[in-house]
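Two separate entries follow, structure 1 and structure 2, each one form of the same protein chain as structure tokens.
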Structure 1
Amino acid sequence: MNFLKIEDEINFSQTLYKLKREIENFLHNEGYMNIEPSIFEGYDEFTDVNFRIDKKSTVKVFDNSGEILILSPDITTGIINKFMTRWELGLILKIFYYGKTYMFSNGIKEKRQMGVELIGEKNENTDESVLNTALKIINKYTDDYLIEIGNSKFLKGLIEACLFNKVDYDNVLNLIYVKNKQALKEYLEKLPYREPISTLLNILDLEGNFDEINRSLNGLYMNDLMKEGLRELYNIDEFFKNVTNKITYDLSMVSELSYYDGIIFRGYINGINKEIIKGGRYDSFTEQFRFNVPAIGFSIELDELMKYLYKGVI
């Protein structure tokens, strides 16, 4: 058996370097400016703004005054923390970064990420233009990919209208997350009937082609927030349907991060078991800082992309 040699390691590193450079050049040409994210974040500052982050899995370090810091588990939160406290109204930031994130998962897990954030701009095709950037990146490296798009407003509007208590809310969301249709039905049937539940019972069928989803929604309960979410997806579908057939929709998409507020999207490459691209709109995330600044972004999982691209020393 041959184990990893120095030569292999250098070769891997070269391929990664080229990949990074290529994406950086592309983003630079698209008008994004580079920033360097910080590795350290204040533990309290971070968990205050991003309350969904799993505190136990953060990697903690102490500075010499006993202050608790963490190695950044999510670069977007760090960037928002850094810029929002001194935001100037009217500013538009188009930025990209390369950085690493850290989490405990059988030891410390380090992930290489690149990412894009567009903060302060929202017109009728901002979502489309950011999505298009993500699409172009993944399209550079493969034809065998998919971008799946959801909208957190739809599920949020629906779940809020169901008026669940905390326990039911968590259980229902979890059943949606694992797509367990029968258990969801059994669970909802035990709860007092409310009109929105009619849509919730069908939520797991609201996936695939946008027109089909729209047809399935016929006659089902919808409120304003849900309609707003659906309209945003409709606009995206109108924009992309004649451009690419790589986009599918999933209205039941649940995000691990709490801050998404609007479209959420993920990019997959066939045969790679993790998301390659993760992103979405997070306007409400900035609201915590007294400013109402629209923001959207995505990250690229470089380690996963490398698994697909790197074929070893030839």
Structure 2
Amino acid sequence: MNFLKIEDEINFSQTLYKLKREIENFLHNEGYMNIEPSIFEGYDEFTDVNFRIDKKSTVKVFDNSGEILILSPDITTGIINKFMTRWELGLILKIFYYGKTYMFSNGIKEKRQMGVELIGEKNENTDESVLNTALKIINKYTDDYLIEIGNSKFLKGLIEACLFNKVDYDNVLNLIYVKNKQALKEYLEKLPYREPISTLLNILDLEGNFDEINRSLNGLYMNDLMKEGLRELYNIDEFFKNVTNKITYDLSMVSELSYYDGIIFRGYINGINKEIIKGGRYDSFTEQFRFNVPAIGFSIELDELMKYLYKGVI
């Protein structure tokens, strides 16, 4: 971020410091412990998991042995790679962090983040509890927000039932990601008809409150994995009915990060076109380390939150 006056830059740094301390104190009171993440990740370790990220967008460096490292584009990936190699059965990590992520797009882009991870614990209310922590944070700064929630199990169950080859699978997922309804319709019409495609044709319309989505699903194809995803969303909806009316659901939600395998959520503030909060569940990510460990978390995009809170400073 560029400043014309030194005074403006100092003021920005002070307000950012206060914001960080405020969120840190809240998370500490919620029972989370602070860690300091590394800014480096192994290139292969990151891209093998997050295969949908454009590899050209990563910021690469070389160590003395010639191994390719990258400046971290996603802090969660680094945390899992760090802790899972030493994981102990029965361990529960309830942690938060402050860090920066880096991507290359017309130059190196640096973003400030705070994040929350709950690893090793899953009970009937874990998803709701973590999501409620995210909601409390955004609600500290505005009541003009919206939380969008999806579940990757629904979309995974649906697309796998269509029996696409890898090229079609990737193309369909990318069209859903960019929410190009017409292009998705045209692409699917060229493929051999299968019953699940009837639901996939409607996927971008399956958003709104939970009751509206349920009505829209009437008569469409469903399988067990899709039903499991819906049940998880139903439980969330029941939990938050008496908490907030600022939640909406989107069954077509896709993340650029490829490791989510349950609920996915994003938090927006009215007038800001980028997410303030984003996260989800990623249990299957841990399986490559010989353990199936429940894990869920989210990040707070501090630069976007600062733009909203301190318009006169930035």
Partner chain sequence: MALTVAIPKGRLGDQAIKMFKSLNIGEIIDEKSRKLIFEDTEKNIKFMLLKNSDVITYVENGIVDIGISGKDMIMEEEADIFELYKMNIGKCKMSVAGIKGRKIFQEDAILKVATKFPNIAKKYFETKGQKIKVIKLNGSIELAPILGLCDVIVDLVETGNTLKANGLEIFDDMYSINAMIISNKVSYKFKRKEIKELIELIRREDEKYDKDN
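Just so we're on the same page, residue numbers count up from 1 along structure 1's sequence. Bear in mind that the values here come from a model prediction, so they are computed numbers and not experimental data. Basically, rigid core = biggest C-alpha set you can superpose within 1.5 Å across the two forms.
Enquirer: Have a look at both and say which one is the form predicted in complex with the partner chain.
Expert: Structure 1.
Enquirer: By the 2 angstroms cut-off, has the C-alpha of residue 100 moved between structures 1 and 2 once the rigid core is superposed?
Expert: Superposed on the core, residue 100 moves its C-alpha less than 2 Å between structures 1 and 2.
Enquirer: Quick check on residue 186: with the core superposed, does its CA move 2 angstroms or more between structures 1 and 2?
Expert: Moves: yes, 2 Å or greater.
Enquirer: By how many angstrom is the CA atom of residue 64 displaced between structures 1 and 2 after fitting on the core?
Expert: Reported C-alpha shift between structures 1 and 2: 2.6 Å at residue 64.
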